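One chain comes next, on its own, written out as structure tokens in the form predicted on its own.
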Amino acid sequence: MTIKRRGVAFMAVTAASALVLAACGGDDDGTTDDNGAPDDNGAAEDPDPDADPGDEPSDVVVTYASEQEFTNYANNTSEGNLLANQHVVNQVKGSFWRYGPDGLAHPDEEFGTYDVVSEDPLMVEFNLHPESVWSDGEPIECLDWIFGWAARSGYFQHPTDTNDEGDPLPLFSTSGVTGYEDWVKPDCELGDKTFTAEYETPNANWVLYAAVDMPAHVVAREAGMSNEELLQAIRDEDVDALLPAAEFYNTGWVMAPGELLPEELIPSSGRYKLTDWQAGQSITAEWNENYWGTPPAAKTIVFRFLDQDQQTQALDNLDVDIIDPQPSPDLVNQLQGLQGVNVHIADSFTYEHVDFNMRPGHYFEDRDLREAFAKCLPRELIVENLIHPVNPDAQVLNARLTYAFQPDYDYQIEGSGADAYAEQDIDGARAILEDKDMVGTEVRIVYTEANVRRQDQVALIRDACNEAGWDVVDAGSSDPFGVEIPDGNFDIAMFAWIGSGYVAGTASTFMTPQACTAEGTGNNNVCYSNETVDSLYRELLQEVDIDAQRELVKQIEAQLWEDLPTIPLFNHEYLLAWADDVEGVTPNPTQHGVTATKHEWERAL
């Protein structure tokens, strides 16, 4: 519902169909059978791509509160795949589509269009806007598209670097290869605005694989190559020639707080460009004057970096205009007590979970020990103490591929094996630890330490699991996704996946990773691997029949309960609050978030 101070209004939030299932993390993968969705679900419509761009944007500033600081312009790399990065680059990096509040893909036809032109074989034609350019004036064109495929498909392997098993590491870091790995090796000519992707196998998820992401001309320049040489190296599969390009792509857009790269390295392909960064304070996006389409409503968007416990006061003080913190009882009560503030609470495509480190040599490689921890997890107590005060109808989540609010949820968890962990079994957990001679084993739970609710979750877990014989340690970190989790420096990682209404995004989380390294895990931070799950996902990603999809999802869920690489805890509620004098705010409970439409934010005059 939406609660508007100075009067009360209620807004129904349309959930995605249960047959278009859940996605995870920042991996832009999914399933649907059309290019987008109608705009009657609460999403504001994009401007007419053929309309007159009109005047300049209003000379106003709208400020959004972000819990985490920006880290990486290349947000589709394994290391850059953070919601905080996605929020900043929304409308800074243009795209053929974005997630709408219904969890489905909504096309942005000012950037370009794409459609199926052949079903057998599956072929998708892309058409960039003829006037589309990067903010440095370079055209957005073929090279950006084909390089995007090269970087995100996993096609190229490192010529010398290998993992512990001797297998080559991926050349390019990516959060997931799903979809792009199914393309026939593409080709096009420099300067082309139209190009076609052909799939080797049918793909139910084609709508989300668009490839244009990072400025390939910057990669070429920083690698000491011409655009022609970069394109030819991809065509020739010349890995040695691509090495410097991959090195820049993997690391060249990583930034320390406050050290914003010059515009020549981070040109924009969207309505805004990044212009200023004050470490620990804010990052600023301003109107990209070289944008070819309709200008954004507000000239300047500022991201203020604030811990969640500071955001409500900042909103009340008019220091920020929009916040979307994770809800807690106290926070919701505080927000509902403010004057001149809109408060929106709804279901979200986000779920909390704990992940076991299954990397080679870690004790959680042992499935019995994962079971011993799963048995002592106080999931019901966590929901009762921490979630019910916000949502009295909340329940323990027993699925990873389906959200609790989706109509198919009950079917998916029936017979999945979740019942075995419905209630705590302290004695059963201790019996396993005693049998394994592992009583007293330290378990470091890594999470974002500034999150008060997660501090409370760790405290509840510690009390319960220490009774079972574990030694739980609160290992809260200021930057878990920048340090501990990519490097495998954790026993358990506790965080949330935020996705959309599409199922295929979960593939990069549960399919065998390319390599058990920071660059090679994608979303599979724990290095989970099961050939049955891999095979089921390969079928799912090609399957277009709804009933067949449901059965494959059910089988995957059952196998995940058998293997226990991760334990779901609960669905997050989506909380959004914004000042009355800010217009054009569209709640968006997906991984693209409310900033997906920040070009529509405006201050009422």
Partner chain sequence: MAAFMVRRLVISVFTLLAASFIVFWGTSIAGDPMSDLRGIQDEGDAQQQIDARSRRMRLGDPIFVRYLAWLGALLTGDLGENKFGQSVSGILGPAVSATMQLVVAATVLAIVLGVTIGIVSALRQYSGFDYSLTFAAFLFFSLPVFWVAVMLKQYAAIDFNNWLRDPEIAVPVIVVLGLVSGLAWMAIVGGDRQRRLTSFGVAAVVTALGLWALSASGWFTDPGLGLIAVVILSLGGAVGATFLLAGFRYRQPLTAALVTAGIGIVFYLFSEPVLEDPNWLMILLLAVIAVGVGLVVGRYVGGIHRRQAMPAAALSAFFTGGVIFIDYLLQAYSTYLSRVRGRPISTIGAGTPNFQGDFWESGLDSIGHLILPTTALLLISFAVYTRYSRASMLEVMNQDYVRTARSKGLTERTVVTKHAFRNALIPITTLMAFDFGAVIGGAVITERVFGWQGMGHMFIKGLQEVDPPPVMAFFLVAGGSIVVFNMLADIAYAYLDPRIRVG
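Because the structure is predicted, anything quoted here is derived from the model rather than measured. The term rigid core refers to the most C-alpha atoms you can superpose between the two forms while keeping them within 1.5 Å. Numbering follows the first chain given and starts at 1.
There is also a form predicted together with the partner chain; it is not shown, and the following applies to it.
>> Can you tell me if Trp145 lies within 4.5 angstroms of the partner chain in the model of the complex, counting non-hydrogen atoms only?
In response: Contact with the partner chain, no.
> Is Val133 close enough to touch the partner chain in the model of the complex, meaning at least one heavy atom pair within 4.5 Å?
Replying inline: Answer no; every heavy atom of Val133 is more than 4.5 Å from the partner chain in the model of the complex.
> Taking the shortest heavy atom distance, is Glu69 within 4.5 Å of the partner chain in the model of the complex?
Replying inline: Heavy-atom contact with the partner chain at 4.5 Å: present for Glu69.
> Taking the shortest heavy atom distance, is Pro202 within 4.5 Å of the partner chain in the model of the complex?
Replying inline: So Pro202 does not count as contacting the partner chain.
> What is the one choice in Glu414, Asp276, Asp366, Glu289 with a heavy atom within 4.5 Å of the partner chain in the model of the complex?
Replying inline: In short, Asp276.
> Ile382, Val302, Ile445, Ala464: which sits within 4.5 Å of the partner chain in the model of the complex by any heavy atom?
Replying inline: Flagged contact: Val302.
> Has each of Ser175, Asp319 and Ala496 got a heavy atom lying within 4.5 angstroms of the partner chain in the model of the complex?
Replying inline: All of them do, each having a heavy atom within 4.5 Å of the partner.
> Tell me which of 79-87, 103-111, 468-476, 184-192 has residues with heavy atoms within 4.5 angstroms of the partner chain in the model of the complex?
Replying inline: Comparing against the partner chain in the model of the complex, the contact stretch is 79-87.
> Which residues within 331-356 place at least one heavy atom within 4.5 Å of the partner chain in the model of the complex?
Replying inline: The stretch 331-356, when checked against the partner chain in the model of the complex, contributes only Tyr351 at the 4.5 Å heavy-atom cut-off.
> After superposition on the rigid core, does the Cα atom of Glu557 shift by at least 2 Å between the shown form and the other one?
Replying inline: Superposed on the core, Glu557 moves its C-alpha 2 Å or more between the shown form and the other one.
> Does the distance between the two CA positions of Gln514 reach 2 Å or more between the shown form and the other one, the core being superposed?
Replying inline: Yes, its C-alpha moves 2 Å or more.
> Versus the form shown, are the CA atoms of Val92 and Gly522 closer or farther apart in the model of the complex, given a shift of 3 angstroms or more?
Replying inline: Relative to the shown form, the pair is farther apart.
> Knowing the Cα distance between Gln281 and Phe481 changes 3 Å or more in the model of the complex, does it shrink or grow relative to here?
Replying inline: Here the pair is closer than in the model of the complex; there, farther apart.
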